[in-house]
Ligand SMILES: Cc1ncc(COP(=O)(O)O)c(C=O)c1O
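Encoded as structure tokens, the following chain is the form predicted alone, with no partner shown.
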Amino acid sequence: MPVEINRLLETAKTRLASEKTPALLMDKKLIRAKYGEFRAHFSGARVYYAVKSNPHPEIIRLLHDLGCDFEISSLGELERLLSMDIPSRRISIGNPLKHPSLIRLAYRSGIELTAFDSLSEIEKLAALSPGIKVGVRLTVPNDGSEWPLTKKFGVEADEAVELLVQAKKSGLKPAGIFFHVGSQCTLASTWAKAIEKSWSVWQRATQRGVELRMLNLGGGFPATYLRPVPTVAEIARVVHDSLTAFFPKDIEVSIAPGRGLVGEAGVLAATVMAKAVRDGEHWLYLDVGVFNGLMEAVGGIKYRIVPSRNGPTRKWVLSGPTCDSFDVISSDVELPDLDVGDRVYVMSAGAYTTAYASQFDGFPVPAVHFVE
């Protein structure tokens, strides 16, 4: 493991030794460093933190103080930011399908920019937030993404152009294009494909009288789990080269990292609560599972699991604590022969753990602790 991640693991073992599990330790130092990476390598781009990845107030406050902006999707997220005195000029809405209550509050609050991807959304925005700046959500390749986002959101190029034209006719202010290469994208080249497709829409919109100036590259920036992933610097080089090849120099670029900003800054501590052998398979049951912290395991995310003791390993089926058979974290984790009461540590657990967690079956969501 990288030096900083190894340091965080040792800190978690010490800091959480007397805490009940499940417990999530977040390292502010790592978040600061990762934000610094994005700022350095995406020089000139506006960085929006995707609040949905981990909406803890301490993280929001930290990033606000560093100068980060925020991308939201819901009324609840907007209310949280406004209650923390985050200026509306530093908030954008990345969800192209919004509840009317969100649109109303955003308009009253002075939020300037939102995504859209349908005629219905144009009608809603024109009625509830006339004159707001909008960007069309374009469907782009999600090659290399471990969590594709191509079906629920976005439109193809032809429709994107027509929607931008209609948005202008409806009194909105078309500002640009949003896209998302899919969560945990492991191929830097996917951003290049998305940028080239965006340029095609940009040109055609210009020919139809719609002048654009903004390109939002979305999220998808990966965290390190078990396999190597491209670094922020590697992705930034691909993005820079692609933008230089296609777009004018004065284009306004923004990114919206979530997982890539906070994922590696979290370690989730869990305790072995039971063991069993079923049909020749060894099962290990933790006090955290897919319902109260590790929902992304269902979508294919494979976490690095570090045991609190060493020894010869065997393959385990790793399960959560609930009575639901869906609650399986992994079917092939190599671990030593742990006992009830032993701890394990789930690495890169800073994103989409507590954010997804529920108290299904009465089991608690992880308590969150911070180190500077």
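For clarity, every value in this text was computed on a predicted model and none was experimentally measured. Numbers for residues come from their place in the sequence shown, where the first is 1.
Absent from the display: the form predicted in complex with the named molecule. The rest refers to it.
- Taking the partner from elsewhere, every residue among Leu149, Phe221 and Arg259 has a non-hydrogen atom within 4.5 angstroms of the named molecule in the predicted bound form.
- Checking 126-134, 179-187, 78-86, 242-250 against the named molecule in the predicted bound form, the stretch whose residues place heavy atoms within 4.5 Å of it is 179-187.
- Within this chain, Arg32 is remote from the site of the named molecule in the predicted bound form, having no heavy atom within 4.5 Å.
- Of the heavy atoms in Val346, none are within 4.5 Å of the named molecule in the predicted bound form.
- Put simply, Gly94 is close to the named molecule in the predicted bound form: some heavy atom of it is within 4.5 Å.
- Although the partner is absent from this view, Ile329 stays clear of the named molecule in the predicted bound form, with no non-hydrogen atom inside 4.5 angstroms.
- This chain appears without its partner; in the predicted bound form, the one residue of Lys52, Arg39, His56, Arg304 with a heavy atom within 4.5 Å of the named molecule is Lys52.
- In the predicted bound form, just one residue of 342-367 lies within 4.5 Å of the named molecule by at least one heavy atom: Tyr352.
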